[in-house]
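Consider the single chain below, provided in structure tokens and representing the form predicted alone.
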């Protein structure tokens, strides 16, 4: 039974309704239940909100293209804290190698938008 349930979660299964006088109705079980991918604008707004709420940042300077160190004057530790806040906001884990590359809002937005599990 457990094997059957595991397989059904990952396979498309056609289903027909018996006893109906109309033609059989077909349903298809989808591959994934994660259909609520965020829009680009949602990601932009939420990333900018996270950066604006950081204590050392002047919210008036925050734009989608702002660089954390060059434009906002943050150091590398501040950048790590912002990336951690973004992970928390979107409920995802960014590997260290990828997190080290995120040094601007635009890179954070692209990473989150392209991540399949961001929510």
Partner chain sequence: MVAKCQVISLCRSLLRAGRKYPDYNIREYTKRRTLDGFRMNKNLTDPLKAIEAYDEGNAQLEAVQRVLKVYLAYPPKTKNIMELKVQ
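The shown structure was predicted, so the numbers you read here are calculated from the model rather than taken from an experiment. Positions refer to the first chain, counted from 1.
The discussion below concerns the form predicted together with the partner chain, not included here.
K.L.:
May I ask you to state whether residue 65 is within 4.5 Å of the partner chain in the predicted complex, using heavy atom distances?
P.N.:
Output for residue 65 is no: heavy atoms all beyond 4.5 Å of the partner chain.
K.L.:
Taking heavy atoms only, is residue 60 within 4.5 angstroms of the partner chain in the predicted complex?
P.N.:
Taking the distances in the predicted complex, the answer for residue 60 is no, it never comes within 4.5 Å of the partner chain.
K.L.:
Should residue 87 be classed as touching the partner chain in the predicted complex when contacts are defined as heavy atoms within 4.5 Å?
P.N.:
Yes - in the predicted complex, heavy atoms of residue 87 and the partner chain come within 4.5 Å of each other.
K.L.:
Residue 71: heavy atom within 4.5 Å of the partner chain in the predicted complex?
P.N.:
Heavy-atom contact with the partner chain at 4.5 Å: absent for residue 71.
K.L.:
So which bits of 56-78 sit within 4.5 Å of the partner chain in the predicted complex, heavy atoms only?
P.N.:
Read in sequence order, the residues that approach the partner chain (within 4.5 Å, in the predicted complex) are 56, 75, 76, 77, 78.
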